[in-house]
Ligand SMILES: Cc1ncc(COP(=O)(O)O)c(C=O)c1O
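Heads up, the chain below is alone and in the form predicted alone; it's given as structure tokens.
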Amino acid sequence: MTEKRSVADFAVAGGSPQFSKIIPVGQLYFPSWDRYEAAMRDIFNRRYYTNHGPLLERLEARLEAFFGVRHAIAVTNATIGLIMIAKALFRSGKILVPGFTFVGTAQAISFAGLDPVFCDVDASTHHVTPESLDRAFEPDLRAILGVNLWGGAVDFGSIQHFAESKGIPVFYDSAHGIGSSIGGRRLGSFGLAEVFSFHATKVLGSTEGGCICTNDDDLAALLRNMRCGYGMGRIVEVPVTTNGRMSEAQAAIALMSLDDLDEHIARNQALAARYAAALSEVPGIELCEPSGVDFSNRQYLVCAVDEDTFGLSRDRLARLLKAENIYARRYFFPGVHRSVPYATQYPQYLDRLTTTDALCSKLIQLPIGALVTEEDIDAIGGVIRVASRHAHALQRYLT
């Protein structure tokens, strides 16, 4: 590592990068090679690779106990899970969804043959509120798809009350939320259903995958029969079937990740605390704390960049960090309502989501997870701190 003291020390100005290899933003927690090899040998010895195998059954039982729900339905990824819920509930119509989310949230609605109606979020929590939902509400809406961000959560009680007042269900994209809890109650049992992601970038990873949690027996029966091309469990008529099955290899890695989850969350929390210390005196950089929960998995480390105070815009800071091999992300960017194809399909939302647009212009995700050490965080903090001091001179290298 090289310590930054002057403009010439920065990689964008010809200096050496802070890190010799890329520091990624994803969680990337994986089991040791010995554990992985043993699990894969077990699968190959049994020659049972997919189709609701024994490891998948074990995983679903453990997830049901972990979340405290009647049904945990493992799927190949979280987007497929959201598509399945939307298609199970409705054949047509509109779903209210925040514009401030990963584009896959809205794409799931589209793939299900439904239309998204985009709403804004709260500036401090980054979540939907009854007020933001009400401003965007339309009489023919069929449901609300809420999103729980950064290891935090919406105010479930107020959102449920709003949904009930409108006579529509609410379900959640909780891709970021596994392990976070409110008053000792883990995310997973709120609304009609919640969907979690087990992508490698998440604190519980199975390289890819996810699950749907619900306490609704009828919805669970629909989803289990939709997940593959043949009936599973109680046979019910379904609108479509999907190839949404989770493989035995994914289930094996998810089981090991579940064993390690407490350790991974504790490590994330320690790394987040280190960031808080490293960035505490940097003007114009504000750490975004996960809101709405009393225990967070610290899935992501997100900061808001105040360009006027810090001296560089969020986008210029991101370019500066990338040159130092610090792969920070603009998260989310752009807002879904400004993404392809929604910007042209639904142009009425382009100027309505002012808070979303503001957040999309100033939030940055910094590296946290398995491949980041406390010493790395100190160095990242140092780069950002010195960049702020020399922001004016660095501008010419970041145009």
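The shown structure was predicted, so the numbers you read here are calculated from the model rather than taken from an experiment. A residue's number is simply how far along the shown sequence it sits, counting from 1.
The following text describes the form predicted in complex with the ligand, which does not appear among the structures shown.
Residue in contact with the ligand in the model of the complex (any heavy atom within 4.5 Å), chosen from 318, 305, 147, 265: 147. The contact residue chosen from 176, 245, 127, 274 relative to the ligand in the model of the complex is 176, the criterion being a non-hydrogen atom within 4.5 angstroms. Contact check for 102, 105 and 209: all three have a heavy atom within 4.5 Å of the ligand in the model of the complex. Within 4.5 Å of some heavy atom of the ligand in the model of the complex lies at least one heavy atom of residue 79. Using a 4.5 Å cutoff between non-hydrogen atoms, residue 190 does not count as a contact of the ligand in the model of the complex.
In the model of the complex, the ligand lies farther than 4.5 Å from every heavy atom of residue 186.
Among heavy atoms of residue 333, none comes within 4.5 Å of the ligand in the model of the complex. Stretch 197-205 is the contacting one of 127-135, 197-205, 224-232, 265-273, since its residues have non-hydrogen atoms within 4.5 Å of the ligand in the model of the complex.
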